[in-house]
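Only one chain comes next, encoded as C-alpha cells, the form predicted alone.
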C-alpha cells in the first residue's frame, strides 16, 4: 500500500512537528511550515497530531494511491480533485485504490498538507520524520519528492470499510481559529531597544511585503530601511522560528521552519507561535504589518489554539464511532 508521486510539484516533502532537542548541535529543526494545518489534517483522520504528513506548494504534486486510504487535506486550498470530483479541505475522505489526486488552481494560502490515516512507513532521523534537505536525512530519502518516488503507508483502509467508492466523511473542521488578517504580533527581541526611535515607529506602523527570495528557511521582507542607534558587531546567538532579524541593508527577515540555529544579526522581535500559521500562508508580495504584544497574551492565544485542537480531536473520534456504527 503506497502513494506514487506522478508529478512532484514544487518542493514537496515529508514533514512533522520538527526535530526537537538538537539545535545545540547545530542541527536545524525543520518541520511543517504551518504546524496547525498539519495537526488539524492529522486530527481529521484520527492520527496523532504529530504524525508525519506530505507538505506541498503550488504547483502541487500529482499523486496516485495504489490502495484505499482515509486522507485529509489541510492548509492551503489548491482545488484538489480526482476524476473531476472536488476534494474538500479540512474534511476527511475515503479514496479507493488507484485514485489519482491532482491540484488545479490556487484558491487560498501558500502551503498545503495531506495526511493519511496511519501515516507513512518511513524511518526517523533524530526522532523526527521531517526532511532535512541540507543533511540529506529524514523524510523520504532525505530529499524533496521526485517523479516515481513510492512512499509506503502503514495502514490499509480496506480492512476498515466496506465502501469501495470515493466518499466524503460527514464531518469537517474550521481553521479560522488559526488564521487572521490583523497585524502579526511579536515579542520585542533583545536588540529591539537598539533600534532608533524612528525605526521602532516604522516597524510598528509601516507596510512590509514578502520578497521572492523567501523560502522555508526565512521570509525576506521589503519595507522601509530600519537602523540601529549604534552599529556594533554582536555575538552569534540562538534564534528560532519566528525570529525577526535585521539584515545589514536595513531590511528584515523572519526565520521559518528550516532556520539556522544561531545568527549574528540583531534579533528585533519574535513572532508569537499563534500567529505563525497566518505568516506561513502568506505569499510573495503579500502585505504584512507588525504590532507588539506580551508573553501573557501570547500564551493565552496559544492555549486557545490548543483547546480548539483538543475539542476537534474529541469531536472527530465521536463522529468516526458514529459513522462505523451506521
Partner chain sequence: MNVSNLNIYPLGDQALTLQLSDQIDASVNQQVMHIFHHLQNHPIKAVTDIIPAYSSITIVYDLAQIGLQHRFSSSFEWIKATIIQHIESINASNLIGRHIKIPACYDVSLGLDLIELAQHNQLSVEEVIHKHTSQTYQVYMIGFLPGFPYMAAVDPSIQMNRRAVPRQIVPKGSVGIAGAQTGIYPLDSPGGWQIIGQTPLNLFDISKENPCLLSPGDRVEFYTVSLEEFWEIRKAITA
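Note that the structure is predicted; figures quoted are calculated from it, not measured. Positions refer to the first chain, counted from 1.
Heads up, the form predicted in complex with the partner chain isn't pictured, but that's what we're talking about next.
- Only one of 56 to 64, 283 to 291, 41 to 49, 267 to 275 lies within 4.5 Å of the partner chain in the predicted bound form by heavy atoms, and it is 267 to 275.
- In the predicted bound form, none of the heavy atoms of residue 304 sits within 4.5 Å of a heavy atom of the partner chain.
- Proximity of residue 134 to the partner chain in the predicted bound form falls within the 4.5 Å heavy atom cutoff.
- At a distance threshold of 4.5 angstroms between non-hydrogen atoms, residue 317 is out of contact with the partner chain in the predicted bound form.
- Interface residue remark: residue 313 is not counted as part of the site for the partner chain in the predicted bound form, having no heavy atom within 4.5 Å.
- Just one of 146, 190, 107, 180 comes within 4.5 Å of the partner chain in the predicted bound form, counting any heavy atom, and that one is 190.
- With contact defined as any non-hydrogen atom lying within 4.5 angstroms of the partner chain in the predicted bound form, the contacting residues in 223 to 262 are 232, 235, 236, 237, 238, 239, 240, 260, 261, 262, given in sequence order.
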